[in-house]
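We've got the same protein chain twice here, in two forms, each standing alone as structure tokens: structure 1 and structure 2.
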Structure 1
């Protein structure tokens, strides 16, 4: 058995348990060892039955004299064990666990560990953990109980038993895999695993977590380096010898002036396009920062040299937006653009220069002998699946196109370099000139009515459109029925508050034609207010949208609120973001107020990380981010140490290969 063995190789783990473990992201022995407890129950205080004090967490070695099933006054079924030692007696009580009568035997000795509470007028151990014990008092590591993230049917006790079995019986799993010089000041891997899962000293648990976190991050960096190495082993479909005047010619087509960061990004992309190895670049920028204009410049460069490009979006709505934007930019040029997306097909006569569609376009319509550039607009997974497909297809023909991946998700640079070290990074950190910053206000309950009246006057006087966004009720990557019901309820409420205006509803269960109809109605003024769930992609370009109301704003992270705010402020008029909250917490108001002071997504993402931890940034709304079990995205020192270590290891090809194979077994190619 090794770290890459399946969990089904463990005795007692069958197909049913396997499926349950998959819900926790556990499929291999390595996953199981890195399934770190989130807290520990400390029962090292060993007392006699007479020394037990109410409110204390203690352990008592006692004999079971008798057991019985009784009902509490509230009707709950209790299993009661009467315990004794040489000093006195005490009871242990469990609720709704009748099966314990077949496990806890009369006349046997156990260590009972739990909290002492009053049951009626008697002291009792309530729902104590227990272990059969006939000898002397157990060591400390037997009285500290790790509590794990669980799922239905798999308890912390199950994890303690299975992981303890692996640690005790398979020492080869814990062998050190990096030279000692790279682990200076850290626990050995063996000690880290043992301390995390079977601690005898809780003060050392954080050191164990740090070492396991280092391993996680090192694997990430080693993986990125291998991916980058593999990518560079391919030849590009075309080495584009871009003329020096292409950028200036492109700028003359535009009805607006490019920002300095757009110009820098375009130059970085042009440099990549002229190489024999295919470009693999991530373009990060806030909503409205002009990523499509940068991508269009790359498409134009390919066109001038006789090559085709393809732009792919995650939804049909966004594909249509890209198509319209490109049509606007190239309206006076002989550049043929085709939209191929779902039920919609707008093709040009003759050869297409730029294809636009959803990601399905990649698998159906492209001839990779002619397409020199692929642009992937992917909010969450950053095109990993698409790049994998390109490598597979390229492997068949020997060459792959240049790839530009775009994201509006603000990521702190340190984290971006950790997550996507296999991609070169360009950042748009300026908004287009003339863009008026959106004013952000926090609206408490007592000002809601006044806010509604203010919105009414804005719609009447300025003919603007309004978004009202409902929060996610359930933590999920997809809308639940509860979320949609919440939006529908808000939709009905808004119609009552604003009976004189057209109100629309948008959520993920609507079919694409219906979504498009709703958005078109908002764009052309048939509806004035759009009520939407939070996960629906309504980040399309609607210049007349000038107010966004975010209900229960405290449920969102700063980065998420900033992205929602980016749905307005795309026209010439002044725009506003109203954060509605029922909370009176000073901490929450202080956090939300940061949005009124800062307009940089990257800055707010950094603040999110420092204030609330990585869960707010890499949560359900951005679910494709790597989920760390032991490390933290806010531990910049550990990230830096792992990155430096991976760079040192990469200098020794033999050691790099050895460690890569340790992480991945026999896999020698990563896409």
Structure 2
């Protein structure tokens, strides 16, 4: 048995339990040990039957004198055990658990742990936990009960028993795996596992969580390190000897001046492209910071040397947008651009210089001997899969293209470091000149009518376009049927409020040509108001859009709201973001008002992280974030400690390999 053994290697765990555990993300012994309780029930107060006071959580050692099934006044079936010790008697009752009669035996002694309440006119222990106990007083670890994230059919008691069994019978699982000097000031791994699952002292639980969290983060950094090594062990498809004047030639094609941070990013990318090892760089920048223009510069550089590039967008709509952007930047050049995206394709005669498509482009038969550069515009999902694919494909020939990944996910630097630690980072931290920060207001229900009137005047007088975003009904980054239904309802409602304007509806179930038509109509003014679900097309660029209304704004994280807000304020007219909320909670208003004051995505993400925790900000499906079990993304100190440790470890090749093996067993990392 080791950490990589499957849960089915534990005696008594079969395929049914295995399936249930998969729902909680548990497949290995390691997963199980890191499945830590989210709270503990403390029944360390041991009392006699006569000392038990109503309202207290206590443990009582007593003998079962008699058991029976009775019905309560409200008709609920109860199982009752009459208990006694040398001082007196008390009852214990359980509701709807008739099977207990075959488990709890008359004449035996148990420790009952639970809350004392009035049942009728008598004191009783209500639904207490119990354990068979003939000896003297048990130690504290037997009286603190961890409560785990459960799933149907797997209770906290089950976890307690199984994990306890592992701890007691397989000491080798808990062996320390890092040299002592790295664990200074921390609990040993063994103590941490024991304390997290069978604490005898609740004050130590936080230290245990910290150590397990450290391990988790360390694994992340070690993995990044290994990925980076693997990537660098390949050769780049082409070493691009970019001529000195390429940047200035490129700048002349643009209708605007590049920002300083765009120029810096382009220079960093050009320097990577000249290397024999393939580039693996992340370009991070808020919505609207101008990432596309940076990517286009890289494509242009490849083109001047006779190489092809491929740009991949997360959706067809964005692919089409990139295609149009590139067409317009390169309109006076002899650069051939092809759009290959699902049903839509616009190919040019002869050899293509730049391919544009969705992520499916990777799986089309592009000739990667000629494609020297791949740009992955990921919006919010992480490009790990795509990069892995490139390594696997390219690995066959020993060569992989240079890769530029772009993200607008506003994440604090420390978090970026751990998620993207295998990538080199360029940041666009300034907005193009002339952008006016979007004015953001919170709109309570009583001002809704007034707000609609104000919007009406804006549309009439300034011919602007308006987005109305419906809330996500379920926590998920995929749209559900319910979301679409509510968007349709809102669409009908908005049509009634604004009968004189063109109103459009956009949601994920629409076919691409239909989506494209709607977006075009918004762009060219056939539609003035677009009602949409929250998940679609964060990156659409509609310069005449100047107002965005977000319904039930309190349901979104600040970072998400900021991304949505980024759909307006892209042109040079004054833009507005109206946060509609029914909530009168002061806390919520305070949180939302941060959007009025701050205009940096990373800053807002950081504040949200502190206010609400990462799960809520990034949503569940955004891989990476939600996977942390013991550590927390807001624990910057621990993240830094793990990062430093991983750097120290990687200085010692042998140790690094040893620890990598510890984490992964015999699994080799593909990328």
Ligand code: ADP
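Rigid core here is just the name for the largest C-alpha set that superposes within 1.5 Å across the two forms. Everything quoted here is computed from the prediction, not taken from an experiment. Positions refer to the first chain, counted from 1.
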item	value
Pair member that is the form predicted on its own	1
Exceeds or equals 2 Å, Cα of residue 248 between the two structures, core fit	no
Flag for residue 450, CA shift 2 Å or larger between the two structures after aligning core	no
Core-aligned C-alpha movement of residue 67 between the two structures reaching 2 Å	yes
Backbone CA shift between the two structures, residue 120, after core fitting (angstrom)	2.6
